Ligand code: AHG
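Just one chain follows, in the form predicted on its own, and it is written as structure tokens.
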Amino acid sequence: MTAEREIIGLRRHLRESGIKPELRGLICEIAESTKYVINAVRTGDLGLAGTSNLYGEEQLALDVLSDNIITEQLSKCSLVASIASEEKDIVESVHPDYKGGYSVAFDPLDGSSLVDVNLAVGSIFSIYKGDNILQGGRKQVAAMFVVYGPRTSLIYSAGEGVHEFSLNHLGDFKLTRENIQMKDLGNIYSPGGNRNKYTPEHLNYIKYLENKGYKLRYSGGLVPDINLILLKGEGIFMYPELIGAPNGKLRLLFELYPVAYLIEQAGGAASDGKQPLLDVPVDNIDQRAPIYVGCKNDVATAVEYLNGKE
């Protein structure tokens, strides 16, 4: 009789991976906060909150509620020096005098406009040592996202591989996939942005993918699309420079840095079309950049097309 495989929880996995106690404590606090966000997604108000975020976008009630949930949880955590939410226009100081603390940047509910049609959404987190949240992508000590879909899953990396955990019926995150790896080449593409606003260089790359028979998979949500590519281990997600929007749409601090960190940790690549995304310096919390992220060879080919290949 074959012995059943032991199911490992998030806290134990962090400990056995050699993650420092303070960092693993913070990751567990973040994971705990997302359990309340899950309940909000399932039962919360789907209407408008009557407010706008720092980008002038109308906020949904779920955006505000998710932001409040995560902010409150992190504000109570003594390990947190400062936080920045995509829903606010400031970096909030929490426990600045604690020298061993961490800073957390987060998108509390990415893809929230998809909730009312029952598509998957998620939360994204980026973690830095100290109280400076604008250190740059290479300074991340951990990144993670949580997908609220048919099942709730958490993907994290703290520099020791990329791992997936699923939330069970008891409310515990249990290991389902360890050391996730990207292939060098894929056959899936997820293209963001309006096609009629694509630059000629980007459009040439899209035509190349179509001619190669790549399958289009695009939900309109960053977290589920990145989750698809990461867990399948193949493909490329992109939100390019657009005519009239040279920096694209997605925010460097809240979305691109953590996604790039996770994909690189899994053996993939991430670029803004000119340089690795993690090397793009950040000057403010509103900063945006184009993104090409996924299999190394797919990203490398995208960069070639963006720089004049026909």
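What you see is a predicted model; the values in this text were computed from it and never measured. One rule holds for the numbers: they count along the sequence shown, beginning at 1.
Another form, the form predicted together with the ligand, is not on view; read the next lines as being about it.
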item: Contact flag, residue 234 vs the ligand in the predicted complex, heavy atom cut 4.5 Å; value: no
item: Distance check, residue 109 to the ligand in the predicted complex, heavy atom within 4.5 Å; value: yes
item: Touches the ligand in the predicted complex: residue 274 (any heavy atom, 4.5 Å); value: no
item: 4.5 Å heavy atom contact, residue 128 and the ligand in the predicted complex; value: no
item: In the predicted complex, the residue from 96, 136, 220, 159 that sits within 4.5 Å of the ligand by heavy atoms; value: 220
item: Partner-contacting position among 243, 250, 38, 28 - heavy atom within 4.5 Å of the ligand in the predicted complex; value: 250
item: Site test, 86, 239 and 255 vs the ligand in the predicted complex, non-hydrogen atom cutoff 4.5 Å; value: yes
item: Candidate stretches 212-220, 144-152, 181-189, 71-79, one within 4.5 Å of the ligand in the predicted complex by heavy atom; value: 212-220
